[in-house]
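Just the one chain here, the form predicted alone, laid out as structure tokens.
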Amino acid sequence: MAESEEEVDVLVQRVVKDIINAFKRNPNIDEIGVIPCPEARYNRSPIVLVENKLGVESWCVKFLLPYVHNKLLLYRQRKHWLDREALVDITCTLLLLNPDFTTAWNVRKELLQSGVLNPEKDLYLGKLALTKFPKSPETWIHRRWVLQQILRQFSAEGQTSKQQQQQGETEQADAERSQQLGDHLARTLHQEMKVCCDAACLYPSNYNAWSHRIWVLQHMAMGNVKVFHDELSSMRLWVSMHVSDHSGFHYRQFLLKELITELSQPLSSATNSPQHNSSTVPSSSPSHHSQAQANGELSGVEAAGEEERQPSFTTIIQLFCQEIELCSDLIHSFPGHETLWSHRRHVFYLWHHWRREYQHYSSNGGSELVHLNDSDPGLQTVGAQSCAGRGESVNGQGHATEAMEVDGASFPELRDSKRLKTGILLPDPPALSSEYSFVSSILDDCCNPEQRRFALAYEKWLDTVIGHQP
């Protein structure tokens, strides 16, 4: 065991060099860890590389960490000079052992801005640090900073591409460059999603990882419905395996809100369209519009708007129904988990407010968006409010919701195998009465005291919050 200061310096310098050489030998290292080993055994390096796993024997950490820490502090205090290569090696070693040392990340920011470091390499270093310290806040903060640099680079390259096109460059070359930038951004987004998922699996309720995941979507995929929908679908399995992790369900709530916001834009834009705002256009009058619909004679603009809004309306209802169904399955399969009931409460509250807003839109001139198949008997138009409340007595109390009507006709029962023109069978939308029925079924078959307590609390919430709202 090294004892003198000179021997410690020689030992630590050799360990730092061994770590850097390990990365050079295997650039695909995907995990780091500390190997319990109280004493140095044999005359060999304490750095162990097996396949893609890098391990550091614990006996040398007590020498290694103070050494690189002091070296970096002396450099920042301008008491000791280190060249750029030495700075890269020292900060890499230090952050693998202690990723919450802000000074080291700041030094790497300076190196990255000066062009010494590649942004992808810094993302790779952060990814490795998170395999050992998945909740490290400084690592997530630095990761967002690096991603911002990458996004600025994409933006600058896009501006350069436009300028070159204006100077006479062929459109084909510009399209290829844009495609490459898009593919690079998509790969970066996919890698970030994987890093966040791995960190969330390593540390329960890892809010730092989930917050970073939300930030990535907000800055790299905002408005991309497909990305958000794919995320929502891929998260079903994860939350089913982590039913007590509220952070994962909070992420699903974020995805659901963003999807509803994006899909509702074509619906609400109808009230701002010229057909609804200008009285100088003949087709904007309600009588003309209704007559044209009855005769199947919508104008080209109106028909395009109807085609755009109808799938959005259908998708929104399906999203809510699928989320409520997922909650029901998990509550039945895993009784006594408060997280599941909290998530159901949030989803139904979101549905309740979206339905009220959509009702307000329809009552102020929104067109009828969803139509049943012409071949169905008893053909009638299904209005925008697809969720008519049904009164039902629960525990001797009447819980009635307002019937939502369009042109005097309530929304028909969707369970009657009525298909839309798009060929999609709409499920039965959520309703207050169905929620009371669900709670009653849980209470009737409940053997878990925690499950019963959560069910009663949810029923009370329905009474006090939803039942008293207009």
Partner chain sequence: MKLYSLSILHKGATKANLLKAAYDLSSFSFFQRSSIQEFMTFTSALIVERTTQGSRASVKEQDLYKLIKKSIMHDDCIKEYLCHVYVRNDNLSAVVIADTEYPQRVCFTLLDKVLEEFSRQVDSIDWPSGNPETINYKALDIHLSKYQNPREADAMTKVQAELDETKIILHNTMESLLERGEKLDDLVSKSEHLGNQSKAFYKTARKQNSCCEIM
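Residue numbers count along the first chain shown, from 1. These figures come from a predicted structure and were not determined experimentally.
This next part talks about the form predicted together with the partner chain, which is not shown.
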query: Of the listed stretches (236 to 244, 84 to 92, 254 to 262, 209 to 217), which one has a non-hydrogen atom within 4.5 Å of the partner chain in the predicted complex?
result: 236 to 244
The single option of Leu112, Val227, Leu151, Leu202 touching the partner chain in the predicted complex, heavy atom within 4.5 Å: Leu202
message: I need to confirm a contact call. Of Val34, Leu443, Ala431, Ala40, which residue comes within 4.5 Å of the partner chain in the predicted complex, counting heavy atoms only?
response: Val34
task: Indicate whether Phe133 is a 4.5 Å heavy atom neighbour of the partner chain in the predicted complex.
output: yes
- prompt: Using 4.5 Å between non-hydrogen atoms, is His337 touching the partner chain in the predicted complex?
  reply: yes
- prompt: Using 4.5 Å between non-hydrogen atoms, is Cys196 touching the partner chain in the predicted complex?
  reply: no
- prompt: Taking the shortest heavy atom distance, is Lys53 within 4.5 Å of the partner chain in the predicted complex?
  reply: yes
- prompt: Looking at the partner chain in the predicted complex, which residues in 316 to 330 have at least one heavy atom within 4.5 Å of it?
  reply: Asp329, Leu330
